[in-house]
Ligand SMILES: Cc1cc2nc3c(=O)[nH]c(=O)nc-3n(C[C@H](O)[C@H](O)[C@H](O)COP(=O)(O)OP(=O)(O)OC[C@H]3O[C@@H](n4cnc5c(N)ncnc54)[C@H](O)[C@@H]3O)c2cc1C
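First comes one chain, alone, set out as structure tokens in the form predicted on its own.
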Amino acid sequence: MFSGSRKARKLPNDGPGNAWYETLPPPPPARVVNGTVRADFAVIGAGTCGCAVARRLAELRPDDRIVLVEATRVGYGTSGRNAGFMLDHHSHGGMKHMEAAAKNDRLFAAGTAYLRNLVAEHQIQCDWSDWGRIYVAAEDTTQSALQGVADGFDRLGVPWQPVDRDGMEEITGTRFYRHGVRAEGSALVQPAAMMRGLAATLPMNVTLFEDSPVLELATRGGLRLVCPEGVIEADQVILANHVFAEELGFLKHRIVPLATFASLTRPLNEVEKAQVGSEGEFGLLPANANGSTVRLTRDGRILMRNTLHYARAKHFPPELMAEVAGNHRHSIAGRWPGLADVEFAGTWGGILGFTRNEGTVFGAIGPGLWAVMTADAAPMTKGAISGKLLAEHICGLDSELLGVLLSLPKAALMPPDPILRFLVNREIGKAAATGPGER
């Protein structure tokens, strides 16, 4: 076991706002770590990985006490900030590690099924919709990227259908898109609502603490998590706090933290809804990395997500957020000129993690210490199944799917800053140059 303690260099701070979260009713008051709390297992981070680990541990160890500790409020952080795509399969052009991609694809599908079952079983109100998704291209110059998506699906054995420009106009109300690749099976959700529901339906032997950032992970007579107003003493600790694990001194130089940003409008009125197609909802994913993820939600809002930013600082200054909001306003106007001035309910950023080898962060990192982090594509569905499988791994419960996850390579080391920053920003620039009109 490591000696001494590891103090957090930075605390989770996802920046101003999260409109998914803020458009929900206010949650009950948070239970905060106070005094000394004793647990068999302590899970740091109540996102999709952390909730899944805690749930499955509680099911397998019904006599154990599991503590789930969240720095902010459930649904406000990373797992409540995404675009709400629960991907059962995913493809992108030029998949370099096809064997790993196929294994990851099995995990995506299992994660989607797991979440679908939990939402149905517990009647979680999160606007779950099995609409699927369409990968889109707005320029002929990016048609090759869309063809790469189709080719990837073919290699994975996933059925898809082409959508021409007229078809895209029927679905979205705009002729902005020239081509699309539609695949069924994935779901669309209100992610903050889903996370709240998952946390609210945890087994009785799980205690959730919120607004309780871990300031220090220490070993003084056992593992201790030091929070602002109390301490958690645990036999075993699971790090499920995504890129903030490195702020406690773990998993350094394994993950590229890349931020992207979203804006969510107010609900459209009936006149405005007539401009956004005939299906009442949709979910679009860009074939080109410079493009925009776009949704029309079931309650009639437009979500626009684009703009990539290297996020090692894990902080989004006001001038960056102003630039992002302007980008989103321009993107909406380019698709639906009549909606150019629709008010935003909020603009926010969220951090994704990427590896250079489609590798995993999963398993033991020291005596009594475990880690799980979702990276690369399909973070919500892979995160959910990875958390469930980690609990089973800890408890010695083997399965074919666990074998698939364990057979994936570990996340490879990457160069430190400023080298990594330079390389990432160069790739962001390349994507922008190859698809300038996609955003």
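Keep in mind that this is a model prediction, so the values were computed, not measured. Sequential numbering from 1, following the sequence displayed.
Just so it is clear, the following notes concern the form predicted together with this ligand, a form of the same protein that is not shown.
- Heavy atoms of every residue among 49, 79 and 83 are located within 4.5 Å of this ligand in the model of the complex.
- In the model of the complex, this ligand lies farther than 4.5 Å from every heavy atom of residue 419.
- Within 4.5 Å of some heavy atom of this ligand in the model of the complex lies at least one heavy atom of residue 45.
- Remark: residue 387 does not count among the residues lining this ligand in the model of the complex, judged by a heavy atom distance of 4.5 Å or less.
- Not displayed here, this ligand is kept clear of residue 152 by more than 4.5 Å at the level of heavy atoms in the model of the complex.
- Only one listed stretch (26-34, 394-402, 409-417, 373-381) carries heavy atoms within 4.5 Å of this ligand in the model of the complex, and that stretch is 373-381.
- Between the options 91, 260, 104, 265, the residue in contact with this ligand in the model of the complex by a heavy atom within 4.5 angstroms is 260.
- Checking 297, 212, 347, 142 against this ligand in the model of the complex, a heavy atom within 4.5 Å turns up for just one residue: 212.
- Interface residues of 295-318, taken as those with a heavy atom within 4.5 Å of this ligand in the model of the complex (partner not displayed), are limited to 305.
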